[in-house]
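One chain follows as structure tokens, the form predicted on its own.
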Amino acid sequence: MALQGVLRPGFVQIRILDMEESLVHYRDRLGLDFVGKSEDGRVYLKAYDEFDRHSIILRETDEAGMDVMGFKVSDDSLLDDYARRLSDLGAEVSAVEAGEQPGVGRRVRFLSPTGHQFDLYADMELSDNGPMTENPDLWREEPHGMGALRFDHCLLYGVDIDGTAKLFTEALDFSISEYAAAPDDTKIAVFLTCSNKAHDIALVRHTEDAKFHHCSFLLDNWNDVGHAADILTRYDMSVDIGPTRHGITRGQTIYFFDPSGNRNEVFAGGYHYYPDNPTRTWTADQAGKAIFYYERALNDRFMGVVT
């Protein structure tokens, strides 16, 4: 599949309450690599199988949640066109200068109808510790912790998920791979992709805007999800649910919380999407099976706890 335009999720900046506790969580337990700390106090990390300089940014503050999610595009020349298309659809668009994050070029920022900030960018320096490219071994340094391969996607909560989905599909050329709907066909959850992944971002209808449900990290296989569960138990980490499986996307998964209350997911598997695929749909009466395929029921914490 020849990817052009928006390529993939590139980074997420997460608000955390205590940097040292969060570093233990994201570096030692999830298994991310420490990249560096900037003068403003933000800490940068990456997964071992990512080429770019960083994918996770931690910012210490007094309220947990998400500041911004960034998507990488194939060429800098596309940024101005995306800015115009977003503006034409009524989005508030601004510019972020090159260097606001170390090693990152200029960014186009837009505010979605659900109150979330998103960045588009084309240039980020390559990591000094990225995957090998000449006669490459599986990894440069042995994975640690849960062995997260990459930052994969976010699930975000807000009121007008239709408006946010419209920006992604009409301005940024995403596709809706799957959704769940109420009996009147009101969408209650939307899964969007810019690649051949089952989703690169997901949206759930909620009574409050700008809420962060989780950021997700890819693992290699189902056994690694079990290994993640072993780590969660060994260190008495707060687990939401799992190991289990989704009906939507088919991913094998476990959910848990960082020390600040932000939810994380590690997962493996899931189907591959292609633009000619029909959209998969779920009805509200099957929402439990859609989210937790084995349990076939939702839990209140998964649906209600957001930052």
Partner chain sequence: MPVFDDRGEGVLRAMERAGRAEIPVGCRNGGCGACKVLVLNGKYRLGKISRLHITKFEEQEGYALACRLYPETDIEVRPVGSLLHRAPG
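Residue numbers count along the first chain shown, from 1. Source: prediction; values computed, not measured.
Another form exists, predicted together with its partner chain; not displayed. Remarks below refer to it.
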{"property": "Output flag, G163, A180 and T283 jointly within 4.5 Å of its partner chain in the predicted complex, heavy atom basis", "result": "no"}
{"property": "The single option of N277, T244, S238, S38 touching its partner chain in the predicted complex, heavy atom within 4.5 Å", "result": "S238"}
{"property": "Heavy atom within 4.5 Å of its partner chain in the predicted complex - the one residue of E97, E92, E208, D184 that qualifies", "result": "E208"}
{"property": "Proximity to its partner chain in the predicted complex (heavy atom, within 4.5 Å), stretch among 61 to 69, 46 to 54, 268 to 276, 30 to 38", "result": "61 to 69"}
{"property": "Proximity of E295 to its partner chain in the predicted complex, heavy atoms at 4.5 Å", "result": "no"}
{"property": "Interface membership of L7, its partner chain in the predicted complex, 4.5 Å heavy atom rule", "result": "no"}
{"property": "Non-hydrogen atom contact S260 with its partner chain in the predicted complex at 4.5 angstroms", "result": "yes"}
{"property": "Close approach of V24 to its partner chain in the predicted complex, 4.5 Å, heavy atom", "result": "no"}
